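So this first bit is one chain, no partners, the form predicted on its own, shown in structure tokens.
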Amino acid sequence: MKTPGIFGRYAFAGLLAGSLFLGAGPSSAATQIDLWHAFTGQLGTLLDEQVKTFNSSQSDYVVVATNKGNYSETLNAGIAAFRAGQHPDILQVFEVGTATMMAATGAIKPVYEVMKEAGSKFDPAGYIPSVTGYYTTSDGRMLSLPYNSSTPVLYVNRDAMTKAGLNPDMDLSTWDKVDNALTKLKAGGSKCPMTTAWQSWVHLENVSAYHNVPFATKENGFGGLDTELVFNGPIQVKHIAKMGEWAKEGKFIYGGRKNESGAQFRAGECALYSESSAGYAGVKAEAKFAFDIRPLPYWPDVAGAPQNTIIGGASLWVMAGKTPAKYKGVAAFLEFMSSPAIQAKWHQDTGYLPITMAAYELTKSQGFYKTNPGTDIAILQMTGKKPTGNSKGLRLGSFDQIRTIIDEELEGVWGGKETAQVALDKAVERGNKLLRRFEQANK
């Protein structure tokens, strides 16, 4: 069996021997299902609650959830464990690791196979297409289960707007209008008019999709491994150049490559914050100020904009080489995690998208969107238009490393060391070298 890419080759005979057992009260012979994940803090607590609910709902299986660090660290831990024959049953992998997991055909067992063999009540048509499209084959077969899917939105500190003399209800739907607001915020004494999390995801990957321009050829990698990066086009350069101007003028304050800047926003130091919809849980829990959630702004001179944003987050991959009993338990757990009640609560608690229309409709019927204005923006932003080849997502090999390259080049722009055009040209050139290596390794 061929197992290409970073997972290497492995014989599964040794993996099939024996089952793990964990006593759980009266069900001492319950089959243990190991889940490795990247959640800490409040998200880790909420995942633990879901696992506890599942474990207490039946006596055949016991899911053990273990944090393995951040997304990159969790993927690397899964790879190392697979090579050693000590991998978990389920591995949470962030969306940029999708191409890597797809290439490792001998290391995974597709979700559609797991559910079919278990006789599970599983209907892919019930899942939100703009979410599941990221994790399915071209003919609609689901490879991994979407679990925590988010999309970027704009958080607004209403108190900071008022303090700077601005109407907190002012229109911020376009980047032109955001530009005007930042100028007034700076003049009004704001030390942090705007900050962002996940700069590549929000300001290149999603800006490309939102304006229906390619981030890479071959439908952003969905059409084949021979894709090439093209995010150095006019729209992307314009956007990054404007942010570079804001950084120079003190209107955009860079806080880090991931979501480190969230602490500044939650502390009330920043007025505007572009971040994942899943940032809602932290903002709601920590903010001592009035805040709004707005759609991600767009450039109004681009025909057809806004299109739709794309997802971030992660999905659950089932690992190969396990026993039928394990897979039956995995299927039961994934079916539980997809249920409307569980998904609706997860969506409401975290700001992640509900992965099924049933969970969305349940949330709406419960009146959550009326009592929590703005919490439906993420799903409306994702589903308002049918995704195009430029806006259904990204499927690129070595993309975690490519993001690191993008981060390095963007930091050169924020620091005034490079122009936007030069930085993006360099990021494309460097990133394409990684894509060619990935393509060669997975032929």
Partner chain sequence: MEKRVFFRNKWLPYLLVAPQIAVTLVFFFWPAGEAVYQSVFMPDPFGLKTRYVGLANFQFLFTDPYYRNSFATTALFSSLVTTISMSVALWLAVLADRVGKKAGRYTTLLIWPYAVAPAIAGVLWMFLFMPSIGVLARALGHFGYTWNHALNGGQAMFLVVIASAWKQISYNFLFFLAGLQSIPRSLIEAAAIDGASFTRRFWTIVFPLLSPTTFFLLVVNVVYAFFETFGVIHTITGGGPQQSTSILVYKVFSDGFVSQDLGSSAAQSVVLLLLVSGLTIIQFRFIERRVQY
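Numbering follows the first chain given and starts at 1. Note that the structure is a prediction, hence the values are computed from the model and not measured.
The protein also exists as the form predicted together with its partner chain; that form is not presented, and the subsequent description refers to it.
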| query | finding |
| --- | --- |
| Its partner chain contact at residue 376 in the predicted bound form, heavy atom, 4.5 Å | no |
| Heavy atom of residue 269 within 4.5 Å of its partner chain in the predicted bound form | yes |
| Contact of residue 107 with its partner chain in the predicted bound form (heavy atom, 4.5 Å) | yes |
| Contact of residue 41 with its partner chain in the predicted bound form (heavy atom, 4.5 Å) | no |
| One residue of 339, 323, 264, 232 in contact with its partner chain, assessed in the predicted bound form (non-hydrogen atom, 4.5 angstroms) | 264 |
| Of 82, 333, 198, 147, the one that lies within 4.5 Å of its partner chain in the predicted bound form (heavy atoms) | 82 |
| 254, 401 and 408 all contacting its partner chain in the predicted bound form, non-hydrogen atom within 4.5 Å | yes |
| Among 352 to 360, 201 to 209, 162 to 170, 72 to 80, the region lying within 4.5 Å of its partner chain in the predicted bound form by heavy atom distance | 72 to 80 |
| Within 417 to 443, the residues that have a heavy atom no more than 4.5 Å from its partner chain in the predicted bound form | 417, 418, 426, 430, 433, 434, 437, 440, 441, 442, 443 |
